[in-house]
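For this one, two forms of the same chain are given in structure tokens, first as structure 1 and then as structure 2.
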Structure 1
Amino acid sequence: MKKVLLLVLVFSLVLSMFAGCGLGKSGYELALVTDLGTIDDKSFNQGSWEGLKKYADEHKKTYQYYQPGEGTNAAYLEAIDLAVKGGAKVIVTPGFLFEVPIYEAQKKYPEVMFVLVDGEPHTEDYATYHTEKNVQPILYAEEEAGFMAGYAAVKDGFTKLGFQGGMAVPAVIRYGHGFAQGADVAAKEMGLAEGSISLMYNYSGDFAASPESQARAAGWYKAGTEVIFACGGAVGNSVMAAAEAAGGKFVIGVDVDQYAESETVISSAMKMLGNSVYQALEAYYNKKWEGGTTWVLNATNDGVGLAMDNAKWRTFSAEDYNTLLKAVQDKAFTINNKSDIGVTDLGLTYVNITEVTD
């Protein structure tokens, strides 16, 4: 009898703890499923989580995150299943790795809303793209963020630049093209002689840290490159390692403010992930959900920008950035966003581009 009473007390305590967390019968109303990284990855997971958490805290919504056991479509779907069983009304999935899982989940759970950050639902063979009304895909104008990074670098006095991309997917290409165009415009504004800015340009073909990527960056730095825009996930860690070893060299990070990754990070071209998730949740709860159509967020709607809070620019100031940001928002510059052409096809006149393919 005593054992039975003890079990009842323990069960009651557990229920009261859940109730205290605001769970009740509905579970967690908002959920995020992480990709390969952790919730504090200083990248897509963390940025998206911060936006979800901010909205949830401000509007008294319960929330939780789920971490898949491995980086496969099946594991992502299992984590989504857990979130749905946990009571989620809206599930945030950060990154293009969720494009295929969401293609399947959107039909399996028509009553659940999905926010797909930086991607659009499609089949595994890319043959079919389709977005149901319960999915809000969010894409970004990476070319604007890259443009601001290249512009700031030249205005800051750098003349020997590098762009190290990861896989040559459209988003990475747009970052690189924007970077080259921003450098070109800044050089013209400063009245520099044609060819004053040099740009080493390459795609590694992956998103992994590797000895090859570090050796390539080290070679660029040794040959005189001053700052490299590292736009390829963990490829950036290889570039940072090369900059640290070289001494006096710099890196521009990508997607989120990567200042904490290395002392060599001078700034970052950012997608405002937290803002994006917050906006999507706000649209859902204000009955302005635009599922079925893709948002393309840019500087005008706080979708992209440069990291300035922890920036280490030598002369490029917050005031300079605000002026640049407003100009981009006002469409004062024509920024090519085509990802199906090469960087040498952009018609740049003040940048000597050397494409490295090895």
Structure 2
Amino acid sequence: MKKVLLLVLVFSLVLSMFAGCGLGKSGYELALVTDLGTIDDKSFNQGSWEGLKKYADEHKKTYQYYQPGEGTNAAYLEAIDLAVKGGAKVIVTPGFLFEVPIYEAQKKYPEVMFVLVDGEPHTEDYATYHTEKNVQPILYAEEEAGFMAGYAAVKDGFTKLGFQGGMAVPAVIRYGHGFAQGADVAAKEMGLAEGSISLMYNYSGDFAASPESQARAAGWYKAGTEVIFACGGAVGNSVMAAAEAAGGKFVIGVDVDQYAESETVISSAMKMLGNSVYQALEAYYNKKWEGGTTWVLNATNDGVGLAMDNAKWRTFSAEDYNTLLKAVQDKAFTINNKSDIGVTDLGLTYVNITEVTD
């Protein structure tokens, strides 16, 4: 009997907590549901939140963010439910973790618009991809961001480069291929000899910091590599640790401006999350909503770029960057974005690629 009473008490306590969240003020028109991080995580959530905030402030919309209780699909859906109850018309969900929850939510709430940043809705087993009219998925042209990083590195005087990817997923592969192609084009423009740029190239196969990644990077630096484009979550932190130990070596960060993570970060190949959220909201309110079709944002529509505000390039100036950005926007270069070929299949002549397969 005691146990039953206890159970009832616990349940009523839990229920009362939920009741407290759902009600309250009615009407936050714009909502953001965070993934594992918070809105000040210096990464996806923060980038998207800033875009939403900017649009809302400029256009006098009410806005609110919701943080799921835990990182599961069920918790994400619950947070989306809360946002809808809170009066949301447009819900922004940053990160690929929302691909499955949005696949569910798009049918559950056909009248609510969703902006899915860096992903497309699909079922849990990746068998079915389907995007309803009320979802705006946004993907990025990683190869252009990588291209600009590789181009800038060679223009900055580096000739011995490295690429350390995480898992060989399409986004990482496109970054890497873009990096190699950018270096190739820059070397050609500068009149360097064929094969004069060396590129060590590896996918670690995970997104974790490990002694393996640290040692691999340390080995590359030791053998002469000057800058490594670290493109694999926490793998980058191992590369930074190696760069700090080696002294006088550099790292190019990825996705967001990673300058705060280590002194050695010379610049970062970025996805402009804020811009893309802003654009999606603008499209919705200007009745130009293109839900149902995926946006692939590139340099032309300010979807990708290099971090220049805190960059430590030696000679590559903001002016050089603007010229480069303009050229990429004007499609002056043809950048191969196929993710199902190897990096050596790109047929580069100025970059001598050493692919490390382990």
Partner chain sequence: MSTIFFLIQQTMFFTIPLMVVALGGMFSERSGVINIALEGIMIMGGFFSILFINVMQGTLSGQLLLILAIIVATISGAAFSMLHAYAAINMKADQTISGTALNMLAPALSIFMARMIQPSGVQQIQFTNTFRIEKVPVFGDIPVIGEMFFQNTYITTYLGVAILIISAIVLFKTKFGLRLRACGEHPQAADAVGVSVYKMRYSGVAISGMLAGIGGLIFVVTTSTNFNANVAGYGFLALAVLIFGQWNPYRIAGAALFFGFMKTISATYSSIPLLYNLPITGYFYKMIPYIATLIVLVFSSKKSQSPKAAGIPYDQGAR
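Each form is matched to the other, and the largest set of C-alpha atoms that superpose within 1.5 Å is called the rigid core. Just so you know, these numbers come straight off a predicted model, no measurement behind them. Numbering runs along the sequence of structure 1, starting at 1.
A.B. asks: So which is it, 1 or 2, that shows the form predicted on its own?
C.D. replies: If we ask which form is the one predicted on its own, the answer is structure 1.
A.B. asks: Spell out whether the Cα of residue 305 moves at least 2 Å between structure 1 and structure 2 when the two forms are superposed on their rigid core.
C.D. replies: Residue 305: C-alpha displaced by less than 2 Å between structure 1 and structure 2.
A.B. asks: Rigid core fitted, then: does residue 198 show a CA shift of 2 angstroms or greater between structure 1 and structure 2?
C.D. replies: After core superposition, the C-alpha of residue 198 moves less than 2 Å between structure 1 and structure 2.
A.B. asks: Aligning on the rigid core, do we see the C-alpha of residue 60 shift 2 angstroms or more between structure 1 and structure 2?
C.D. replies: Yes, the C-alpha moves 2 Å or more.
A.B. asks: Core-aligned, what does the C-alpha of residue 70 shift between structure 1 and structure 2, expressed in angstrom?
C.D. replies: Spelling it out: core superposed, C-alpha of residue 70 shifted, distance 3.4 Å.
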